[in-house]
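One chain comes next, on its own, written as structure tokens: the form predicted on its own.
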Amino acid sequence: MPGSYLVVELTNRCSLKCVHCSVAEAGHAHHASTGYLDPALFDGLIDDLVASGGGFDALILFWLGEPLLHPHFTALWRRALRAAVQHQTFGKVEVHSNGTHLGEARAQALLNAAAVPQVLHLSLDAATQPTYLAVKGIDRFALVERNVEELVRRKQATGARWPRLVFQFIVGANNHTEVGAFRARWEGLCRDLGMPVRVAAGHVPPGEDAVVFFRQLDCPTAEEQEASNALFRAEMAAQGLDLPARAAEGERVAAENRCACSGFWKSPVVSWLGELTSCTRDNLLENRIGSLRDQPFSALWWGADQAGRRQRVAGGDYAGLALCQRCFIPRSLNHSDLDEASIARQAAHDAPLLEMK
């Protein structure tokens, strides 16, 4: 399905405590226990997708922890690449990292010329040490700056095609004054090295060139989201950057959901324990679909129960889905669009399942 992506959480452990992440929330249930995704679960997921003929536009190896902490990261990364190359299971493979663990083994795995697009989102969010500490909760600014710069220089020196580098800055009230300095730092380094680079806001544009990327902050309440959206629009205007229409128009944010959310069609999320849900905001697994420890992914995501949810949500019915009822993200910039043609195609696939229920 166009725009689909499978999110797999390699770990919920993290080397930082970013204030906009659940890792920083004391007592958050998602982090009550921590650990790493069992490689056997990951292999089972890949094998199931290959056997069932399932696939996604993107595989994203990240959710609520630092994926490069996983002791078997390089093996998992290469396993994903093989599935993409040999079976077209994924159109591209992405990982999001805060850059604290970009060591030699990780760099060797990431820098390659495999026949599948790969993206490394570097979640940086600051241009100076004080702001970094305020946003990230732990001061590893100098280490991250060094790690990221070394990777950029190594990629250019080796001529490695992948990964595409995305220098990400989530714009908030605690760091917006450093938007210009952040842009100058990473755009300047790329240009000095002769590496193609561009600057974008709202969505990462297609291509292979490096991107200095400014992202809108997702907030917990509609009021906070409106204020954050206004700040984002102002800062991007100051940089002369175009925004997608939804952000540029400044639509009012309502704490209710009356449209079909694409999550039920496009964005399954697998936690490090193998629990499956349909939204990255569902960090308490309120809309849990099932566990990969009990059933294959294909039986859960393309099974009768999820087909029933899709049928109800397509009509705007979120009964029994309290998290969705109060969600405003389907109207935000950080949401994947869903068209009627995609709903209809999936409905045709789901119809026999619903008849058997």
Ligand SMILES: C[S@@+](CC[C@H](N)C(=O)[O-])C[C@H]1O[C@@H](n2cnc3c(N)ncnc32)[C@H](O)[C@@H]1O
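Keep in mind that this is a model prediction, so the values were computed, not measured. We number the residues from 1 along the sequence you see.
This next part talks about the form predicted in complex with the named molecule, which is not shown.
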Would you point out which of 213 to 221, 194 to 202, 102 to 110, 263 to 271 contains residues with a non-hydrogen atom within 4.5 Å of the named molecule in the predicted bound form?
-> 213 to 221
Which listed residue (Trp301, Tyr318, Phe62, Phe42) meets the criterion of a heavy atom within 4.5 Å of the named molecule in the predicted bound form?
-> Phe62
Gln168, heavy atom within 4.5 angstroms of the named molecule in the predicted bound form | yes
Please run the contact check for His96 against the named molecule in the predicted bound form: heavy atoms, 4.5 angstroms, yes or no?
-> yes
Using the partner position in the predicted bound form, report whether Leu338 sits within 4.5 Å of the named molecule, counting heavy atoms only.
-> no
Would Ser123 sit within 4.5 Å of the named molecule in the predicted bound form, counting heavy atoms only?
-> yes
Taking the named molecule in the predicted bound form and a 4.5 Å non-hydrogen atom cutoff, the residues of 19 to 41 making contact are His20, Cys21
